[in-house]
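One chain follows as C-alpha cells, the form predicted on its own.
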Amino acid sequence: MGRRVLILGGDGYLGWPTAMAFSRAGERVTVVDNFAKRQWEAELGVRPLFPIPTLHERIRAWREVSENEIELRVGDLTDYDFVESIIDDIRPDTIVHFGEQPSAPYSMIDVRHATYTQANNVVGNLNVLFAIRDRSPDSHLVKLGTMGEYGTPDVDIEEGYLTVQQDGRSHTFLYPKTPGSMYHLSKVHDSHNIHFATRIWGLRATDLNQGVVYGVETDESSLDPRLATSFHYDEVFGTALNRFCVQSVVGHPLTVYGKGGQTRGYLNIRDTMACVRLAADHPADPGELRVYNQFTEQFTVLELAERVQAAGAVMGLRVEIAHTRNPRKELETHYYNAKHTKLLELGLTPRLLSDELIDTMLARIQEHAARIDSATLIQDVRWVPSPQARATERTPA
C-alpha cells in the first residue's frame, strides 16, 4: 500500500488534479472540500470554461477510468472538530493543503470579502496545524503558498529565508514579506504560523511559494472529459495567461493592466503536480520548515500578451492588446529576480512555455467557445476605490 495522502481543497483547479496524480501513483488518497469555491462562483456569476461534474461524480468517473480509489470527506476547515477528526482518523503521511480562498481580486471586493478571506484562510490553516500537533505529529504538511507573499522588493528574492548581518552578528529570518492584497496577506500569516509550529512544536512542513499557474489539463484530467479541472478565465478567478487565451479566442482585446511591466513567476499546471510530488517525496525533518519558490520562468504581463497574440495570429485569430487602467495598486515596472533552484535540485524537469503549448491551449479553448461569457472578463474589482465610490458607499440607501 502507498502512503496515506490527505488533500485539502480537493475540488479545486489544483486540488483535483493533484488527487488524481497521487492516486494514479498508488497512494491512498483522501480529499476534503466544503465546495465553497462553487458558491463563490455562483455569487459572482462566473463558471469554469469546461463543464465540471460534482466532486462525487468525478470520483466515480476516476474509479471507472483508472480503477483507483479516492475517498471523499465533506467539511469545513474552519470547524476544528471536523479537522481534528479527519486527521485523527487518517493519520496521513502527507497533507497537501490547497483548501483556501485563492483569489486576490475576490479578497479586495470589499470589507466582507476581505475579512472572509482572512478568517477562512488563517483559521483553517491554524486548525490544521493544531490537529497535526495533537493527533498526527509525524505528518508532513505541504502547504501551497504564493510568490505574491514577497511582493516586488528592489533586491533579489531569496528562497524563503534571508540572512542579515548587523554589527558583527548575523541571523537568518524568513524573507520579509510585502504582499499586495488581502489574499496574499492571509498567505503571509499562514507562513508565519507554520514557521511557529515547526519551531515551537517540532512539526515538519514545506511551504511552496507558487507562481502563477497556467494550463487547461494534466495527464490525468485528459483521460476523460468528466475528469476536467476547473479552468477559470474571468477577472476574479482566472490567471493572466489563461484569461489572455480565452480573450483571444472570442476576439476580446487582451487586457494588459497599465504598462504591463509587472513581472511574475509562472509555471505549467503539470509542473505543479510534479513539484507537490517532489515535496512529498522529500519531507522536511521534524522542526524544519522548508520553503521552495515554485515556478519555472519569469515573464512580464505584456510579454505573455505578445506571445498569445503571436500564437493567435498563426491560427488565424485577430488578437489585439489593450493597455487598460490598472485596477490594482502595484508597481507596473520594477526589478524582479526571484531564486528558484531547490525544486530543480530535487529533480524537477520544467515544461517551459512554448508557442506549441499556447496553440494547444487555444485549440482546447476553441472547442468550448460557446461556453465563454465575455461579460465576466472585466469585473472591475479595484484595490483603491475612487472618491466617488467612497461617497456612494457612505450614502445611506
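Because the structure is a prediction, the values reported are computed rather than measured. We number the residues from 1 along the sequence you see.
FYI, the form predicted in complex with a small molecule isn't displayed, but the following is about it.
Visitor: Thinking of 244, 257 and 301 as the candidate spot, does the small molecule come within 4.5 Å of a heavy atom on all of them in the model of the complex?
Guide: Verified in the model of the complex; spot residues all in contact, yes.
Visitor: Within 4.5 Å, heavy atoms only, which of 184, 307, 270, 277 is in contact with the small molecule in the model of the complex?
Guide: Selected residue: 184.
Visitor: Find the only residue in 94, 218, 146, 191 having a heavy atom within 4.5 Å of the small molecule in the model of the complex.
Guide: It is 146.
Visitor: Of 284-292, 107-115, 147-155, 309-317, which is the one stretch near the small molecule in the model of the complex, taking non-hydrogen atoms within 4.5 angstroms as near?
Guide: Residues of 147-155 come within 4.5 Å of the partner.
Visitor: Heavy atoms within 4.5 Å of the small molecule in the model of the complex: does residue 328 have any?
Guide: Judged by the heavy-atom cut-off of 4.5 Å, residue 328 is in contact with the small molecule in the model of the complex.
Visitor: Any chance residue 212 has a heavy atom within 4.5 Å of the small molecule in the model of the complex?
Guide: Looking in the model of the complex, residue contacts with the small molecule include residue 212, since a heavy atom lies within 4.5 Å.
Visitor: Give a yes/no on whether residue 177 approaches the small molecule to within 4.5 Å in the model of the complex, heavy atoms considered.
Guide: Although the small molecule is absent here, residue 177 would stay clear of it in the model of the complex, with no heavy atoms inside 4.5 Å.
Visitor: Just checking whether residue 160 would be counted as a contact of the small molecule in the model of the complex - the rule being heavy atoms within 4.5 angstroms.
Guide: Residue 160: no contact with the small molecule in the model of the complex.
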